[in-house]
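As structure tokens, one chain now follows by itself in the form predicted on its own.
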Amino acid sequence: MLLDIKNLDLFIGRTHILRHISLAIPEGEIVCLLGRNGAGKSSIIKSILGLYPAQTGRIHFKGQDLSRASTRERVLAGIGYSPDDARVFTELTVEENLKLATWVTGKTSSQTVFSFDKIKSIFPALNKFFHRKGMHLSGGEKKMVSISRALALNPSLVLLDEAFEGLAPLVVSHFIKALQQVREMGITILLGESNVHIASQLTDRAYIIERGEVYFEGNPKEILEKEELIKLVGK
């Protein structure tokens, strides 16, 4: 199992955010965390990355216990991350945004296995604005850059939080094809998503998260067949 989470509990202040979360993510799959806004999807992703230190539970990645590891250690272990708000640096060009990951870790782009040519093959549109500053990018272009930056260090697992939010239907179809290509390159994807219809087109398996707990695990197409599950997701 590439990522194995057991009984994760997260408190922020006195608020119990995540309750006994257990997830198993096999290598090579696209797995989705489905749920409404505020259900706990982002908190799970941030706990995996170490941005939210969990109070109890264990996170094993490639057989290594990362439960108390720093965020930098988790990234160097092979976990990439694209946040829901993209967080593209507006004063930097697209190229500089992508190189930023290598600067932070102390590696040069020549030391990374995942080349910019591979990134451009996933998102060919990058070629059109590779030297454009972040302030001049559209919302979809920023998400493209954010996902590409997560791939820059050739992670084994990439965490994508609401990658499709706010995208036009045509752009969504391009992103689905891009993520399928990422999987074909041997990179596992954990996706936080609120749209079950998108999840059913892309993912191998889904967890429904409701009020910080795992409510369902199975094929996302099963959710579309059960009204009570659709209501939980909301879309």
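One rule holds for the numbers: they count along the sequence shown, beginning at 1. Keep in mind that this is a model prediction, so the values were computed, not measured.
Below: the form predicted together with a small molecule, not depicted.
In the model of the complex, segment of 197-205, 32-40, 171-179, 63-71 with a heavy atom within 4.5 Å of the small molecule: In the other structure, the partner sits against 32-40.
With heavy atoms only and a cut-off of 4.5 Å, decide whether residue 141 touches the small molecule in the model of the complex. Although the small molecule is absent here, residue 141 would stay clear of it in the model of the complex, with no heavy atoms inside 4.5 Å.
Is residue 214 a contact residue for the small molecule in the model of the complex, using a 4.5 Å heavy atom cut-off? No - in the model of the complex, heavy atoms of residue 214 and the small molecule never come within 4.5 Å of each other.
Flag residue 17 as yes or no: does it have a non-hydrogen atom within 4.5 angstroms of any non-hydrogen atom of the small molecule in the model of the complex? Yes - in the model of the complex, heavy atoms of residue 17 and the small molecule come within 4.5 Å of each other.
Using a 4.5 Å heavy atom cut-off, state whether residue 12 contacts the small molecule in the model of the complex. Taking the distances in the model of the complex, the answer for residue 12 is yes, it comes within 4.5 Å of the small molecule.
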